[in-house]
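Shown below, as structure tokens, is a lone chain in the form predicted on its own; questions about how it binds or moves come after it.
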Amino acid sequence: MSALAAREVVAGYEPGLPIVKGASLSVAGGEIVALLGPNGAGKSTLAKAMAGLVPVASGAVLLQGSDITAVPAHLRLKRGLGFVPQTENVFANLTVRENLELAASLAGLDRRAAREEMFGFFPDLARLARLEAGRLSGGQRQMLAVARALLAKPAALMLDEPSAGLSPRYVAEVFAMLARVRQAGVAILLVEQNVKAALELADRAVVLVDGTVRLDEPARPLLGDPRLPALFLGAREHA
């Protein structure tokens, strides 16, 4: 059974104008699936629909086998679905420690115990505990955002463009962090524009074009596959 799945999801921001047009994918526990595609393909829209932030016109979103399509976004977190948006994913005016403690309080957890658990998992955050989140580097901020999401011990975690705006060094750090999260058994859906880095990290890749899934295959073999540039550039696929 998949930890997280979309089944023929049709979704968009306006009624009758779907951006995602019947997309299906699944992520198992301890697996990273990279959701790739050209700009405007619907990748972020699909992730937001699975998180409950974009209306789903038809189809279903499943979490550990249970249909959560009609579950409000804030309750999906309680059921075990974490989501890290591309922007505004931490409170910039709060310290690292305060960000973690606030997230723990909202999840009904012991603030100190939850904070110390994340400091153990992300030692760099412990070193930065008293620093305001707004003063963190891009990579450090992504680390904090992921730690906040992991406090609730989600079965599945979705990230929207975590490498956006980061230097190659910080991209490597963020992706190494996600590899550690995978080892903890969390299912990860990674929406990403950095195709090479995503394929090197992920177990599988799903390529979305014009709101539909065009490829769903093991990730590594797709490195250098001529079908990828054809799909990204809108050309016809090679046979």
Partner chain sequence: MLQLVADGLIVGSVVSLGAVGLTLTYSLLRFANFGHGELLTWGAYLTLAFLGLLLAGAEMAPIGPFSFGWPLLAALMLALPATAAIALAVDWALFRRLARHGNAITLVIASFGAALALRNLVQFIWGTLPEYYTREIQIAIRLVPRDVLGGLRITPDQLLVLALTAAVVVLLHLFLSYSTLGRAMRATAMNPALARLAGADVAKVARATWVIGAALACIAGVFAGLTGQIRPMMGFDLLLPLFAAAILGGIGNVWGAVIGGLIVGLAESFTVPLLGAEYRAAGSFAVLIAILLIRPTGLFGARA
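The term rigid core refers to the most C-alpha atoms you can superpose between the two forms while keeping them within 1.5 Å. Residue numbers count along the first chain shown, from 1. If you're wondering where the values come from, they're calculated on a predicted model, not measured in any experiment.
The form predicted in complex with its partner chain exists for this protein as well; it is not shown, and the discussion that follows is about that form.
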With the partner left out here, if you bring back its partner chain in the predicted complex, are 88, 94 and 102 all within 4.5 Å of it by some heavy atom?
-> yes
Answer for residue 28 alone: is it within 4.5 Å of its partner chain in the predicted complex, judged on heavy atom distances?
-> no
Heavy atoms within 4.5 Å of its partner chain in the predicted complex: does residue 59 have any?
-> no
Verify the contact flag for residue 53: yes if a non-hydrogen atom of it lies within 4.5 Å of a non-hydrogen atom of its partner chain in the predicted complex, no if not.
-> yes
Report yes if any heavy atom of residue 166 sits within 4.5 Å of a heavy atom of its partner chain in the predicted complex; otherwise report no.
-> no
For its partner chain in the predicted complex, the stretch among 44 to 52, 188 to 196, 29 to 37, 171 to 179 with residues bearing a heavy atom within 4.5 Å is 44 to 52
Which pick from 98, 161, 117, 124 sits with a heavy atom within 4.5 Å of its partner chain in the predicted complex?
-> 98
Residues in 69 to 88 with any heavy atom within 4.5 Å of its partner chain in the predicted complex | 73, 74, 77, 83, 85, 88
Core-aligned C-alpha movement of residue 130 between this form and the one not shown, 2 Å or more | yes
Under a superposition restricted to the rigid core, does residue 73 display a Cα displacement of 2 angstroms or more between this form and the one not shown?
-> no
